[in-house]
Ligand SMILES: NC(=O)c1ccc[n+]([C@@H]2O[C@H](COP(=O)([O-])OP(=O)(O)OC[C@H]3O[C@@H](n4cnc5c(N)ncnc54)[C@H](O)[C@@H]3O)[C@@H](O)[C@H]2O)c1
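Have a look below at one chain only, the form predicted on its own, in structure tokens format.
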Amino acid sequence: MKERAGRVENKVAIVTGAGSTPGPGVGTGKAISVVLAREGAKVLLVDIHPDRAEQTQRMIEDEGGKAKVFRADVTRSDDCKAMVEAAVDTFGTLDILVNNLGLASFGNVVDLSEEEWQRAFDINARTVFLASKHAIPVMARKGSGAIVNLSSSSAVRAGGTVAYSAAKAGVIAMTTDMAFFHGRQGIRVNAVIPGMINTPIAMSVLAAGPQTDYVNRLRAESNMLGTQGDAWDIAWATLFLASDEARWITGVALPVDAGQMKLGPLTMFNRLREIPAPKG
């Protein structure tokens, strides 16, 4: 029997934010990079913290995959241009771009500073704009490519993160617009909308103790499956959208949230009120 090739065999991918925030678990950038490499892609691991990306590289290379670390601040156009050039110089081309970078900011329009508003847009939306700006011409010249942008369920749900929510909603809008303008160049553009997944950066806002367990139970019960997802769930969805299996899918914002966004408020309220709050 002929051995089955990987789902992105011999493809070249860039993943931004490819390192993982220190802490238990795995971040989305690391998980996406590892899954793409496992399925045959050569991956340029882009991060402003190269030491974090090097951990991802070691994991990939220990499994026999190919990856290279590239330090870049993807809020800067010159760095994004250099990032794309590095992928082409190192691996020969560019087939896949995963715009993974994101950082939450808390506050409403009254409380949030103008600086925090701008920072949220720089990290969550500007990075998608600049990375895509420099990647698309390379893909267009060869007549094929796939871009996957990571948004958030906060883009379509209230949660006290006005700047983050607005920026991630902008990512969905950019996804639709890029899919329209570049589809005839053979480039597909889709987004993934993660739900309440368990990652180091998500858990970093919670102190260890009964409150952490309580919040994790709330997060798990706020969807249809009653479990928490993790970065690997996001990685498998990203792999599918980046692969030729999704060759006729573009302009889509795919929720990976165990049905959370489909639950009505009464259903969610009845489930959550059954969980006793910690004492003290």
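All figures in this text were calculated on a predicted structure; none of them were measured in a lab. From 1 onward, residues are counted along the sequence shown.
The same protein has a further form, the form predicted in complex with this ligand, not shown here; the description that follows concerns it.
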property: Heavy atom within 4.5 Å of this ligand in the predicted complex - residue from 75, 185, 118, 176; result: 75
property: Contact residue in the predicted complex, from 68, 58, 49, 217 (heavy atom within 4.5 Å of this ligand); result: 49
property: Contact of residue 170 with this ligand in the predicted complex (heavy atom, 4.5 Å); result: no
property: Interface membership of residue 103, this ligand in the predicted complex, 4.5 Å heavy atom rule; result: yes
property: is_contact(residue 199, this ligand) in the predicted complex, heavy atom dist at most 4.5 Å; result: yes
property: 4.5 Å heavy atom contact, residue 190 to this ligand in the predicted complex; result: no
property: Residue stretch of 60-68, 26-34, 220-228, 236-244 approaching this ligand in the predicted complex, non-hydrogen atom distance within 4.5 Å; result: 26-34
property: Heavy atom within 4.5 Å of this ligand in the predicted complex - qualifying residues of 150-166; result: 150, 151, 152, 164
